[in-house]
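Look below for two forms of one protein chain, each set out as structure tokens: first structure 1, then structure 2.
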Structure 1
Amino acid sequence: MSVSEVEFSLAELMIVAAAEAWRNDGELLAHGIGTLPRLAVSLAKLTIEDGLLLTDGEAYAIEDPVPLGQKQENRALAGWMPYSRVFDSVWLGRRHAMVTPVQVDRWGQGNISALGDFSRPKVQMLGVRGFPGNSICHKNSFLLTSHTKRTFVEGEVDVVSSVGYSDKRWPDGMKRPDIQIGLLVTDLCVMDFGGPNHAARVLSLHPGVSFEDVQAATGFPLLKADNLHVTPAPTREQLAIIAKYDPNNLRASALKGNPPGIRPAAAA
């Protein structure tokens, strides 16, 4: 049976695309923060990179991914990973997290702290959380469910929470350290900052999305990757794994209206 006959949601397409972020990571602490990133890291562990060290979403290391939100009396726990040891992994650089900034700019800097003027924000959000430390110490990938000019902003993000490839932000003439930003998975495409001088680059377009659509929804110029392609559709096996690890179908609420993976315009 051909893949094109399999129905899938945009959320499922994004999960499969996001799982690729951890390819070739080897052994490190892999964290997907939020519903789709967590399913993505589970899929990555099961189908791409067995070396990944996962957690149960709280304070233990696990070898078998844990289904989201399902009470399990006897979870198989492989180790202990309280926050103090998460920080140890962060500062050692042995972690790759997938997170969801509210704003991203052309330098790959992310914001989850506040919108507007920090001294009196228009919207106070979570605070910078672990973003400053994560971004200077280890690799991070991003997943954003709403790709617009409000999320991919024209200028600099309002509060630089995670650092990126800007050369202007470093004190005392220090050189920009080696920042690692992996994949950016959005509801329109997959991107990275792998262009010349870390310019943003579109790697693949979700079915029915054009490069021009993505550029129109982005506040800064984008490059096309040499082998720009259509984001691969999930296979039946991948969809079955996703369903198994999301028994309450939380992924259906991750994107507004739970749109199909192939946009209707493209199917026509």
Structure 2
Amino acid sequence: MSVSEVEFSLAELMIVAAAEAWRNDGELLAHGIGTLPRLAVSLAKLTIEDGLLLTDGEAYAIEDPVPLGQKQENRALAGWMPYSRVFDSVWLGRRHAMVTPVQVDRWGQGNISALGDFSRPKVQMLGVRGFPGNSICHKNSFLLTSHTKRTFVEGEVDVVSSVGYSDKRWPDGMKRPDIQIGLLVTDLCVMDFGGPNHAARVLSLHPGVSFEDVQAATGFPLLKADNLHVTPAPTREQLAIIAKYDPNNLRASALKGNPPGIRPAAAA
């Protein structure tokens, strides 16, 4: 299907691209943190990896995702899933989360804590939360709604909240664990850290975006994947599933102005 056969928003394109992060994961605990990642993991569960285990966010495992803005009511429960069992899955590496950092650097380190000098930050945010342990214990993918040099920074992130491929901050004699970073989905492209020595590389470009556009918006050098391509457009089936699990269209407010998935330059 060509990108012109169905209308879709940039948010919906990102949801579909993000769902691919869980492809071939098999049976594990899958979490999407934030509006678009949560819709992405729901889509992945229903169309890509049936073995993914979801939770209702309270105490139960579920097979049918909970629509955004609704509670888990009158739905089939797959089992008991209190926080103790969630953490068992985390510590055993049986979890793949998609997180939404505000900064990412060339080593894949993420920041959700503060911007500026940590002793006197310009902006105070969440703190590191569970990022340090999660990034060591299990695989994580990223979703960022604004791809700029302020988010993909030139040097190290202001506060290293999640571990990446840098050895800089590990104590002497301590070996960095085997870190797993999956896909990075942004409003410009899909990336990963699959280049030589975990260099960042662009896997696909959203319609109307060039590699030069992405590089100009990134504070560190990028590589082109050998099979660099245009990010696939959502199908009608995928859009219907997204609409079903986002009945209040919360996805429309995830990106400023709710831009279309096909940018004017691509549609001309």
Partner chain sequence: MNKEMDLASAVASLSDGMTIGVGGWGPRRKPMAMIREILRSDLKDLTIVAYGGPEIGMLCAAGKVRKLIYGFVSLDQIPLEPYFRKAREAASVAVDELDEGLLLLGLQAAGHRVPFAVTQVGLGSDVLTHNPHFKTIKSPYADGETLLAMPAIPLDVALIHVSRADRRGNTQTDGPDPYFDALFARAAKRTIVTTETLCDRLDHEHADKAKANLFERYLVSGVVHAPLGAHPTTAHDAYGWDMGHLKAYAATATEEGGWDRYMADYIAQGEAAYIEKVGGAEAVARLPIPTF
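The term rigid core refers to the maximal set of C-alpha atoms that superpose within 1.5 Å between the two forms. Throughout, residue numbering runs from 1 along the sequence of structure 1. All values reported here derive from a predicted model rather than from experimental measurement.
Enquirer: Of structures 1 and 2, which is the form predicted on its own?
Expert: The chain shown second - structure 2 - is the form that fits the description.
Enquirer: Once you line up the core, how about residue 219: does its CA shift reach 2 Å between structures 1 and 2?
Expert: After core superposition, the C-alpha of residue 219 moves less than 2 Å between structures 1 and 2.
Enquirer: Could you check whether the CA atom of residue 59 moves 2 Å or more between structures 1 and 2, using the rigid core for the fit?
Expert: Residue 59: C-alpha displaced by 2 Å or more between structures 1 and 2.
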